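Shown below, as structure tokens, is a lone chain in the form predicted alone; questions about how it binds or moves come after it.
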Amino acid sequence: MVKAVTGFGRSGLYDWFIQRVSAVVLVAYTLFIVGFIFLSKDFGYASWSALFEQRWVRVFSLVALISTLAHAWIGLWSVVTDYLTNRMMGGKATVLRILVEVLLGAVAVFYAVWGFEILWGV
């Protein structure tokens, strides 16, 4: 049985589902931003500022930020647990893996707070 990284479910199925849904959100957000850049006639600070003054754009950006963090957390947790193992690195692998996971969690919280402040601080 696959271990769940998020702890919300009893198996890895929930993590798999979160990663797929977050990928769809990120594709939609990327297409929206790229479409705005290429379809805007007078792309500049004024149009960019007007876009992000709209509440739904801020909410969409916040959902994209949360999706990025969830997607990255599950993906990096999988890589860390696959490659930082006792078999590959010896007895210190568990300590190193925990340190890397704590560092990744701290970076995720930092980016979440920073992104929230950027989107809603103006």
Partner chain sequence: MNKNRPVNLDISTIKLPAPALVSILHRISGVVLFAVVALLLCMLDSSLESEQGFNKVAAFFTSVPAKLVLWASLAALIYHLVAGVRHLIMDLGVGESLEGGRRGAVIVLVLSVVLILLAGVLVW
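Computed from a predicted structure; not experimentally measured. Residue numbers count along the first chain shown, from 1.
Here the subject shifts to the form predicted together with its partner chain, a form of this protein not shown in this document.
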- Message: Considering non-hydrogen atoms and a 4.5 Å limit, does its partner chain approach Val95 in the predicted complex?
- Response: no
- Query: Tyr14: heavy atom within 4.5 Å of its partner chain in the predicted complex?
  - Reply: no
- Item | Proximity of Phe52 to its partner chain in the predicted complex, heavy atoms at 4.5 Å | yes
- Find out whether any non-hydrogen atom of Trp56 is located within 4.5 angstroms of its partner chain in the predicted complex, and reply yes or no. no
- Task: Note that its partner chain is not shown here; using its position in the predicted complex, name the residues of 30 to 46 with a heavy atom within 4.5 Å of it, in sequence order.
- Result: Thr30, Phe38, Phe43, Gly44, Tyr45
